[in-house]
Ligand code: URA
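Here you get one chain, nothing else, as structure tokens; it is the form predicted alone.
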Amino acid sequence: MRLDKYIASVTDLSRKQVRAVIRAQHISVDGSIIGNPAHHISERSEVCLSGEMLRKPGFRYLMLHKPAGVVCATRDSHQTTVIDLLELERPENLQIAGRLDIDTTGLVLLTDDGQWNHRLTSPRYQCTKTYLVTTADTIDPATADRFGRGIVLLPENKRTRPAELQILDSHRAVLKITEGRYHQVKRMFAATGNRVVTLHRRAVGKIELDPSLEPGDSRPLTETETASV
């Protein structure tokens, strides 16, 4: 890897600033001052800035309590994004592991570990997402059986995977699905003649939204939560 690219990846310096500190001879590699930004380093190279060793930061894993009205995007010129809610360095490097609609609230997971994100979101792993649903009309008891068999969604005319619906009362239910089609929960209820009023994601896999997090707040995942994926 090029020296300037490595330094930019492990610090908050811009590429222009990185080149400046290298040419000012503030960078050493394995004890030798290096003034060439294109100098090649290996994974075992010890790179120091003004005598302090630079280490590549570890992967980050976060949970966020998404409020309504916030978009699941890394940037948006008109709307507040989940990234805008984070107070940490290099938030732009984070990926959103499973997006929510703008009016949906609840658990959003973020990481800069692409493989971990893939295990959460790839259809092949069938990661369970748990939602609390409130509907406009009374939930027909037969809805649970229909969801359990899979329900055909238009316009793709393709049946969903079996889903688990626990009816809590006339207008509230907990739904568990293992896929993430466009507006899937809303479309599933619409196929039964009902309409989703509020939708809140409680859990992704074994990771549950921390009840102590207020809307807009976030925290790092525990080692147990991270390892559960």
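Computed from a prediction, not measured in an experiment: that's the story for all the values here. Numbers for residues come from their place in the sequence shown, where the first is 1.
Another form, the form predicted together with the ligand, is not on view; read the next lines as being about it.
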query: One residue of 104, 143, 111, 121 in contact with the ligand, assessed in the predicted complex (non-hydrogen atom, 4.5 angstroms); finding: 104
query: One residue of 29, 167, 62, 185 in contact with the ligand, assessed in the predicted complex (non-hydrogen atom, 4.5 angstroms); finding: 185
query: Candidate stretches 94 to 102, 113 to 121, 147 to 155, 74 to 82, one within 4.5 Å of the ligand in the predicted complex by heavy atom; finding: 94 to 102
query: 4.5 Å heavy atom contact, residue 199 and the ligand in the predicted complex; finding: yes
query: Stretch 17 to 31 - residues with a heavy atom within 4.5 Å of the ligand in the predicted complex; finding: none
